[in-house]
Structures are given as C-alpha cells and as structure tokens.
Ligand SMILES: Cc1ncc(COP(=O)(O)O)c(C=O)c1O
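Okay, here we've got a single chain as structure tokens, the form predicted on its own, with questions on binding and movement later.
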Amino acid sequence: MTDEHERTGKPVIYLDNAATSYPKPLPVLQKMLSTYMQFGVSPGRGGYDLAVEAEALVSGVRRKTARFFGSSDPDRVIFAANATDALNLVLQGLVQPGDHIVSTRLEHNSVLRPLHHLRESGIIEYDLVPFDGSGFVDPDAIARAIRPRTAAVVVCHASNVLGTVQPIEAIGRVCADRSVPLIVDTAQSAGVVPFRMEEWHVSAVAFTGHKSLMGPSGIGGLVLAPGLDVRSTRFGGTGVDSESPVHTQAFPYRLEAGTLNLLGIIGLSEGLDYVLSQGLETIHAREMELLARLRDGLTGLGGVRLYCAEDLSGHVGLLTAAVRGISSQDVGTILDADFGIAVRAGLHCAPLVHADIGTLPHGGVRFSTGPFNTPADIDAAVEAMAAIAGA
C-alpha cells in the first residue's frame, strides 16, 4: 500500500529503497505491534515474569541475528540505533592513540566522519584506498595500505552510490594474514546478499534494520568476533552489576547503556523472519531484474549518463544517473512533482565517490529498487527520465 501523489493522483512510485525500504511488509508491522503489546516492558530490568520474558525475547533476537550474519556468539550481538551508531561504537572503542586505519573512497559519511574526527583529535591516521572504474576495491590495494600500526580495515559491503558489492571474502583473507581486524558496513547489503562473518574472517559487522531487513528505523547494531576487544565509550544502566560504579565489561552489556529499543528489536526480528521466508537470493534476483530493466531503458536515452552500471554482476539493486545540463536536485524534484516518482538526488552522504566519478558538486540521481517494485514502476521511471532529458 502506498500513498497517492497529490499532483498526479496516482500511487507514489517509490525508488528510494537504499535510503529506507518502503512500504514495510504488513505482517512485520502487525507482528511488531501485537508482540510489543504483549511484552512491551523493560527487558532485563525486573524479576517479574513479563520482564523475564521480554529479556528472553531480546536474547532470541540476538541468536537470530548472529546466525543471519554467520556468527556463533550471540552474546556479541550489540543493539544500537542504526549502522552509523554501530560504526561509531566500534571505531571509537577500538582505536588507541597512534593507530592507523585503512578504509576506502567508497565509504559513506558514517565511516568518513568518525575517521575524520579521530584524526582531527590527534588519535589516528588513516588512508583511503581508491576504487576502480567499475566501482570495486582491489584487495591487493588494501594489503599495500596496511602498516605496522594499522588497527583495523573498514569497508562497506555494498556502495550506496554505485551498488557494487565488494570482495569481502578476499579482503578478509588479506586482513587475517596480517592479523588486522576487518570491520564491514552492511547497510546496503544486509537482507539481499548473504554474509558469512566467521568464514570470511570478519571481525565486526555493522548493520541497520530499516533498509533491506524490512524493519523499522531506530534499530541496528554490531556483530563482533570473539577476539575483538572494543572498549566502552558510553556508560550507564545495564540491569547487571548495579552496585558497581564501573560499567560492566561483560558482552553484550559492555557496549549497551540504558533501556533497549524493544519495539525496534521486535521489528528487526520480524524483518529477519520475513526476508528469510522470501529467500535472500530470491529477493536479490528480483530486484536485479528490475534494475537491469531500468539500466537498459536509461542506456538508450540521449543526455543520460549512468555510473558503473555496464555490468550488473556483483551489484545490489541501485544505480546512479545524471542528466546532461540539469542538476541532480532539479531532476529529483521534477521526478517527484511531475511524475510522482521518489528517488534520492545529491551526494548520498558519500562525497568522495562523487568526487571520483566526476559528479561534484551536484551529485547524481539514485534509483534503488525494493521487493515491492514492479516492472511498471521501472517503465514509468524510464519514460519520466526520457521526458526530462528531452530524449
């Protein structure tokens, strides 16, 4: 179910799923509400039956999340507000003064800004590895960037501008061979691309629930490998060791302070169940069929340029385009106002990607498919872009 666009009088065509999935599956929303109505008390903060049951529910979601990402230790599933929050937790809790970090020019500001803050604070140095003309990072380039004081490598699993899925398994081997932790941002991949944390030698996974995991906003987290020592950077109530002034160092409480977002955790659980019932491979294949249809339609339009979309193998369902002579913001506004099509225009919080593909200062127009899009949605988008480009 979608809202009607006030100007066109037709349902809104939503092609901004890389920002957040919409609409959410109705069964997920219904189960969220019914479960919260039944168990919506503070988990782990009381000895009465409802509190114990709420804590058992949370523990069950930790186990489910660990299995989903390929981890065997549910106690090292840490709930946070979103992937950005999770990345801040692991980066700021991991580094020591004088450390070095390796990351890439594909990254979102959820990585770039914490790294910048840590460097400006005099704590770390970092290097950013470039991506090639097809939008991929070379694992050998990661290897060459690692120094004796490198404390971690941080890489997005899938680019939120180009849609390219990075070779995490190969990068994991590089990091394992050098005993350097690998941190992976799965904001754009979790829910459409299977992840094998332990098999791929990944030390930390940051995830968010509101994109392809089909959950609500406000929930995400970390999955940590057993050997990764991340310090507490937030302190407060945990429901355990309350007599001590020192924040407990037992996981998962070490990195969680205050009452958990129980409604969000329930929504994450239901979203996980939904995508697993549909099958990640099935969801991904369908979204990529739609993306290929969009790519093929836009390719034939004069004045429209696509970025890193010649070969869609190793991609998730998003691509970025530009219209010659029209700013991306204007294209996005026209798509919305005149055609009822919702996309994301601008820099997508990933300015270095746009710097490298030549789309600064206005960025590009990002189309991102989701499980509820149809071929008719794609055809409408192509027709709208043809009208805007004068093709």
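One rule holds for the numbers: they count along the sequence shown, beginning at 1. Remember, predicted model here, so these are calculated numbers, not experimental data.
FYI, the form predicted together with the named molecule isn't displayed, but the following is about it.
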query = Should Ser110 be classed as touching the named molecule in the predicted complex when contacts are defined as heavy atoms within 4.5 Å?
reply = yes
Problem set entry | Residue contact check: Gln166 to the named molecule in the predicted complex, 4.5 Å heavy atom | no
- prompt: So in the predicted complex, does Thr150 come within 4.5 Å of the named molecule, heavy atom to heavy atom?
  reply: no
ask   = Does Arg76 make contact with the named molecule in the predicted complex, using a 4.5 Å heavy atom cut-off?
value = no
Students should find that, of Ile142, Leu268, Leu162, Ala83, the residue having a non-hydrogen atom no more than 4.5 angstroms from the named molecule in the predicted complex is Ala83
Among Leu222, Ala158, Ile183, Met214, just one has a heavy atom within 4.5 Å of the named molecule in the predicted complex, namely Ala158
Answer among 93-101, 203-211, 238-246, 300-308 for heavy atoms within 4.5 Å of the named molecule in the predicted complex: the stretch 203-211
